[in-house]
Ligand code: NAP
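Below you will find one chain, with nothing else, as structure tokens; this is the form predicted on its own, and questions on how it binds or moves follow later.
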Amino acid sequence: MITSKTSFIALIGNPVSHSLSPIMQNAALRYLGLDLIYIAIPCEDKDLESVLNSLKKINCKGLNITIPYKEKVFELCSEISPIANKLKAINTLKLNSKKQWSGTNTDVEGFIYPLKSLNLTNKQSIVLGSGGAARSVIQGLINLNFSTISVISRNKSSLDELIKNFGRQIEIQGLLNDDNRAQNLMEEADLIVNTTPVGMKTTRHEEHILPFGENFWRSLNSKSIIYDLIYNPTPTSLLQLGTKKGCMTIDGLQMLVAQGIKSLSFWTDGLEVPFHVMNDALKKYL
């Protein structure tokens, strides 16, 4: 029951209307019996600083940050975790003892959650896309000890920057999507991860389109694991193709839940909920 003493946690981004975070986080808060609710707040770019400063002064206990503000909130935090600094992206904030924002990133742990039980040491991987989501994926692949990481993108400038940023940790091969060498990589890949928005339900005219087009996937074989960070719709066209080819497929729902659990733990100084609490809430909703 919401009372005059109830505090809240919020998702800040633009847009946020499609987000499933309120569904799973409120299920977790009920399970823990906390006098907290989770809401989504759409925010224009020009209002971000004033919104975050205002939230410090009321009964807000923490924030999730989503597109397009994961980088912009850096200048609004007084403390930033090492992983957030490394990824140049923040997705979770809480107020510290001085009532200033402390930021971290839970996306890496979320990404690797469904891969931990698989033996992927020294395997070969491909990451599709070179945007912000690719950074968390690449760090996760490094943590899982993949032998090779190849990134395929449409954008040469963001691709070059991504390779440079991870240069001290691992040598990344970068290719543009129309490079013929990509087909050889596809044939040998043990894991292919889609970090592009292609296929997302909220993306206009792209719900039934494959990343980089149908022809790009002609070399896909059944030994590859297909991991699509998109979770709505389920399954995506890419995962449907993977299933048809006999591949193991993973959607973005497990990553969403796992990063949400880590965010909740950050806000509540270590409290966690079982995975199934959030996951079941989402499955009932979807």
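Model, not experiment: these values are computed from the prediction. In case it trips you up, residue 1 is the first one in the sequence shown, and so on.
There is also a form predicted in complex with this ligand; it is not shown, and the following applies to it.
Peer 1: Tell me the stretch among 182-190, 116-124, 77-85, 148-156 that has any heavy atom within 4.5 angstroms of this ligand in the model of the complex.
Peer 2: Looking at the partner contacts, the answer comes out as 148-156.
Peer 1: Can you work out which of Leu63, Ile261, Leu238, Met255 has a heavy atom no more than 4.5 Å from this ligand in the model of the complex?
Peer 2: The residue from Leu63, Ile261, Leu238, Met255 that makes the contact is Met255.
Peer 1: Which listed residue (Ile112, Ile172, Ala89, Ala133) meets the criterion of a heavy atom within 4.5 Å of this ligand in the model of the complex?
Peer 2: Exactly one listed residue reaches within 4.5 Å, namely Ala133.
Peer 1: Evaluate Ile226 for contact with this ligand in the model of the complex, applying a 4.5 angstroms cut-off between non-hydrogen atoms, and reply yes or no.
Peer 2: Although this ligand is absent here, Ile226 would stay clear of it in the model of the complex, with no heavy atoms inside 4.5 Å.
Peer 1: Tell me, yes or no, whether Gly129 is in contact with this ligand in the model of the complex, where a contact means a heavy atom of each within 4.5 Å.
Peer 2: It does: once this ligand is placed as it appears in the model of the complex, Gly129 has a heavy atom within 4.5 Å of it.
Peer 1: Is there a heavy atom of Phe166 no more than 4.5 Å from a heavy atom of this ligand in the model of the complex?
Peer 2: Result no; Phe166 lies far from this ligand in the model of the complex.
Peer 1: I'd like to know if Thr195 sits close to this ligand in the model of the complex, meaning any non-hydrogen atom pair within 4.5 angstroms.
Peer 2: Close contact exists here: in the model of the complex, Thr195 approaches this ligand to within 4.5 Å, heavy atoms only.
Peer 1: For the three residues Ile67, Met200 and Ile230, verify that every one has a non-hydrogen atom within 4.5 Å of this ligand in the model of the complex; reply yes or no.
Peer 2: The answer is yes; Ile67, Met200 and Ile230 each reach this ligand.
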